[in-house]
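First, one chain by itself: the form predicted alone, in structure tokens.
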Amino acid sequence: MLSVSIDSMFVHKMWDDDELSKMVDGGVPFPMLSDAGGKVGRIYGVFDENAGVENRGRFLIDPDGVIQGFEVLTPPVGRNVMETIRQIQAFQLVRQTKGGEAAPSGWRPGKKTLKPGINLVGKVWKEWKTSMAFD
């Protein structure tokens, strides 16, 4: 996991020391990289040329370098770290089963998965409703 922003490494250190370490014991457990000038942000389409800042983008990239999921939010709206972790776990499950299992909306490890195939067509709602209800 990596964090990338246009902020300098000094701003990252201050942010981690003064803010994040108060929210997460030990601070951020992954590298925070500086994208001074916004080159990476431009590649991923999150750099706002008019404002000179990057919108908040989250990209889930698999071991083969393929983007499996992404979310882009403007700065006033925060992200849900637990949802990000859930999605990573779901993508790992799908990859591990080589697509033999699918993780429906709200799926978490230990919950029932769906088995893609012709027998599921028109029945996803029933499988989801009986086994994936919010808890």
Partner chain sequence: MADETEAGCARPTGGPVGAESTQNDKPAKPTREERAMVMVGQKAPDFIAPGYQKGKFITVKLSDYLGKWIVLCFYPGDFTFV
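If you superpose the two forms and keep the largest set of C-alpha atoms that fall within 1.5 Å, you have the rigid core. Just so it is clear, the structure is predicted and the values come from calculations on it, not from any experiment. Numbering follows the first chain given and starts at 1.
Below, we turn to the form predicted together with the partner chain, even though it does not appear here.
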- prompt: Quick one: is residue 9 in contact with the partner chain in the predicted complex, heavy atoms, 4.5 Å cut-off?
  reply: yes
The partner chain contact at residue 69 in the predicted complex, heavy atom, 4.5 Å: yes
query: Contact between residue 98 and the partner chain in the predicted complex at 4.5 Å, heavy atoms?
result: no
query: Can you check whether residue 62 is within 4.5 Å of the partner chain in the predicted complex, heavy atom basis?
result: yes
message: Could you pull out the residues of 80 to 106 that have any heavy atom within 4.5 Å of the partner chain in the predicted complex?
response: 84, 88, 91, 92, 95
message: Superposed on the rigid core, does the Cα of residue 112 end up 2 angstroms or more away between this form and the one not shown?
response: no
